[in-house]
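First, one chain by itself: the form predicted alone, in structure tokens.
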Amino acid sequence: MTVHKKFPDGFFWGAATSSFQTEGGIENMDWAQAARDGLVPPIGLACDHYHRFEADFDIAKSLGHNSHRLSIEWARIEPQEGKFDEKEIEHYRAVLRALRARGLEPFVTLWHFTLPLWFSQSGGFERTDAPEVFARYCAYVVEQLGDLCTHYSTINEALPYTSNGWRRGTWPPFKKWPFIDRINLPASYRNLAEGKTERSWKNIAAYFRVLRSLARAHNAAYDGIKKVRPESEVGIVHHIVLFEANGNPFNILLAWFANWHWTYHFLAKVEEKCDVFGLNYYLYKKFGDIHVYEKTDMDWDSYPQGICNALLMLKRYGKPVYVSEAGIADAADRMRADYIKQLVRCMHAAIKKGVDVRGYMYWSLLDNYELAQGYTKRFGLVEVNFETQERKIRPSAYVYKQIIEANALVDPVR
């Protein structure tokens, strides 16, 4: 006897990618410059997804996917300030047409961490006019692509972006708080930039200033998008780090403050300008916890069950939610299938508790350039040989396919 955890009709199932982590050949942006400066691993061709997107989407279709999350590369679209490249717009139109031809609903993220060099070298989101500059770019892209896509996220993961860029100093612009090294962090948060970062007390103020700038940038982009394509569904993608605690009152206070800072404080600045929320989930921290968790290849605790409470944190806003990223680094494909099933099981529980979850995009469709870790971490449903560009579907992808085709998770009764 089995129990079917059925999902709502029309539920979106798919996977996610980002442009610079998969496309290759983008040299006019801040991460490429950082690679040239020896601060992050070289990017090179990545997955050559810029040229191979149709074949990659064929794989996604063969795995039963009915949606796909991708990002647009700002440096391609606006290679010089205020000057837009129509050829690159046509490229992304071809990408969206390819998705639609395969029955894959596109979910477009307009900015996924990387900045055009002209913007980063003039201050990036520390510029006083950054919100207006960003909104202009977003409105232009949606105006050009809006007949092919209705789902848009303006910003991917504001808190990890600022934390790695202005607190830990592991991502561009490599600014660090003076005392941050005293905090015991996983090895995955250390990279080639160690010893080459800008340490300053001023970076504390800059961190909070950039967070405010990102919130204003989203709000301005939302208004700009609605002017040119009022029918668009616009939101923001937020990475919830789930903080919990044992019964110790001090630990309870720590968890409350951490959740307030990392999620509620920022979302309060943008919630009125969000039609939907995208949730990314990877990390869990329980203060006072003595449990020893299995580790992923990122040296993160494996706790997929936490996605239920992460989703419940968004229930208060009363808006639809897409799980825009959740996955695991697992080169041996030993943990991934069970991890996906646990995620799906807990998403179903969140739906039963009243969260309006409408879709799930596994991170990632392909092995890719995993930020400061380069090509050493493997999240993909599809294994990529970066020397030959050969694709190989991992067994866990077929477990996910069974869930998609059933629009349900089938559990044995115990």
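The numbering used is simple: start at 1 and walk along the sequence shown. Quick caveat: nothing in here was measured; it's all calculated off a predicted structure.
Only in words, not in the display: the form predicted together with a small molecule, which the text now covers.
Contact between Phe277 and the small molecule in the predicted bound form is not found at the 4.5 Å heavy atom cutoff. The small molecule in the predicted bound form comes within 4.5 Å of a heavy atom belonging to His239. The small molecule in the predicted bound form comes within 4.5 Å of no heavy atom belonging to Thr162. Mapping the unseen interface onto this chain, His112 counts among the residues with a heavy atom inside 4.5 Å of the small molecule in the predicted bound form. Annotated contacts: Ile59, Asp367 and Gln389 are all free of the small molecule in the predicted bound form [non-hydrogen atom within 4.5 angstroms]. Of the residues given (Phe379, Phe53, Trp31, Tyr360), Phe379 alone sits with a heavy atom within 4.5 Å of the small molecule in the predicted bound form.
Though the small molecule is absent from this view, in the predicted bound form it lies within 4.5 Å of a heavy atom of just one residue from Phe84, Trp118, Tyr207, Trp300, which is Trp300.
Of the candidate stretches 346 to 354, 370 to 378, 40 to 48, 22 to 30, only 370 to 378 has residues whose heavy atoms lie within 4.5 Å of the small molecule in the predicted bound form.
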